[in-house]
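The chain below stands alone, shown as C-alpha cells; this is the form predicted on its own.
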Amino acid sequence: MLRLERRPSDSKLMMALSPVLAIVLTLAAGGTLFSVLGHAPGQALYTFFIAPLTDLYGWTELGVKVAPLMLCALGLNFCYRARVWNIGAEGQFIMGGLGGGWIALELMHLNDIWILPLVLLAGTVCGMAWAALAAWLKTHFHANEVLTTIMLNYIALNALLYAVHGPLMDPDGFNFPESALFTESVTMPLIHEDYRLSISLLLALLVLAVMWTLLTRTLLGFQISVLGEDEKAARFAGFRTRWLTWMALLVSGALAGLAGIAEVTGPLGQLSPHISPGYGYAAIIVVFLGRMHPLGILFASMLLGLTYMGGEMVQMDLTLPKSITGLFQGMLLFFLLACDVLIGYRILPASRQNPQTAN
C-alpha cells in the first residue's frame, strides 16, 4: 500500500514545467497507442500534430478552433481563480448558441447594421442566464456547483435537440434537424473571403486582454483572487463573497455564451444538433494546462484546437475513429494532473510514518 505525503514546498520551476512534461508524456503514450493500432508512431504523430498546419488554410482553421476554446477558457479561468468550480461551460456555450441563434432567425430578414451586435448580445445574455441558475442554487441552497453545472449541460443539449427537431427546424430543409442558413446580416464577417476564419478570433484576443487587465489591475480581480485563496479572509476583509460568486459565474457564462453564438453565426452559419464538439469541456483542460494565466491559455487553446484538427486528419488519412481526439485530450489532462500531484506530494509506503507525526 502507498500513501501521499505533502512536500514541504512546491518547486516553482517544476510547476512551470509540468505542462511541458505532460505534453511529452502524452506524445509518448500517443505514439505507443498508434503502434498498438498498427501504425508507425512517428508518421501517425506527424499526421496528428504537424500535417494540419502545413499550409495557410490549416493555420486559419486552427484559428477557427482557438476562438471558442479561448473564450470559454477565459471565463472558466475567472471562475476557478475564485475557487468556483464551473463545469458547465458546455451548456452555457450551447444555450448561447441556441438563444442567440433563435434571435438571428427572427431578425435575419433585416439588413440593419445593429442586427449582428444584437444577436451576439442575446447569445451572451443566454449563456449568462444559464450560469445564473447555478449561481442561484449555490448561493441560496448551497448546492454543489460541480453537480449543478454538469446537469445543466445535459438540459441545454436536450433543449437544443428539441429546438432543431421542432420549432426551429428549417421547413425547406428536407426534414434534416437544422435551422435555415443565416443571412449575411447575422453572420460574423470573415477575416479573408477565402477562409472560414471570422473576426471571432479578434474578439477572443480582445477579451483576453480585457480579462488579463481585469484580473491583475482591478479591485474586482484582487477580490476574486482573495476569495479563491481563503474565503474566510475575504469575508474578514469585508468582501461580499456571495456577490463575488455570482460575478464569477455570470462572467464565465457570458463568455461561454458569446463563444456559442460566435460559433453559430461564424463557421457553422446555422443551428444544428452538434454546434459544439466539446469546446466547453476541453476549455477546462485549457485553463489548467495554461496555468490559469491568460497568455498560457492562449497557447493551450492552440494545442487543444490542434487536437481537434489532428483527430480529423487521422480519421481521413489513417482511417482511425475521430474519437481519438477525446482520447488525446483525456491523456493530456491525466498526465497534467499526475505531474501536479507528484510535484506537490511524494509517494511513500503506507507503513512508513512521518517522524513528526510519530512524535
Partner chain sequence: MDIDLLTNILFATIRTGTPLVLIALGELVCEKAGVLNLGQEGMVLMGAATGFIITVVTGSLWLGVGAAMLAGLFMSLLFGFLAISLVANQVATGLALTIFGIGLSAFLGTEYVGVGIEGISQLEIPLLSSLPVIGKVLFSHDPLVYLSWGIFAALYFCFRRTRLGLTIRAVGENPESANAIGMRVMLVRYGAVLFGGAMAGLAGGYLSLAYTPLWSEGMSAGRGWIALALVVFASWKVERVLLGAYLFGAASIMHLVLQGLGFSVSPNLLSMLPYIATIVVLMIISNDTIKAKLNTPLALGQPYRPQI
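Residue numbers count along the first chain shown, from 1. Since this is a predicted model, take the numbers as computed values, not measurements. Rigid core here is just the name for the largest C-alpha set that superposes within 1.5 Å across the two forms.
The form predicted together with the partner chain exists for this protein as well; it is not shown, and the discussion that follows is about that form.
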- Message: Within 4.5 Å, heavy atoms only, one stretch in 265-273, 197-205, 214-222, 160-168 touches the partner chain in the model of the complex. Which?
- Response: 160-168
- Message: Given that the partner chain is not shown alongside this chain, does residue 116 nevertheless sit within 4.5 Å of it in the model of the complex, heavy atom to heavy atom?
- Response: no
- Should residue 151 be counted as a contact of the partner chain in the model of the complex, where contact means heavy atoms within 4.5 Å? yes
- State yes or no: in the model of the complex, is some non-hydrogen atom of residue 326 no more than 4.5 angstroms from a non-hydrogen atom of the partner chain? yes
- Partner contact for residue 331 in the model of the complex: the partner chain, 4.5 angstroms, heavy atom: yes
- Do all of 17, 59 and 293 end up near the partner chain in the model of the complex, with near meaning a heavy atom within 4.5 Å? no
- The one option of 190, 210, 237, 143 with any heavy atom within 4.5 Å of the partner chain in the model of the complex is 143
- Message: Under a 4.5 angstroms heavy atom criterion, identify the one residue in 121, 250, 137, 108 near the partner chain in the model of the complex.
- Response: 137
- Message: With the partner chain taken in the model of the complex, which residues across 27-56 come within 4.5 angstroms through any non-hydrogen atom?
- Response: 33, 37
- For residue 342, decide whether the Cα shift between this form and the one not shown is 2 Å or greater, given a superposition on the rigid core. yes
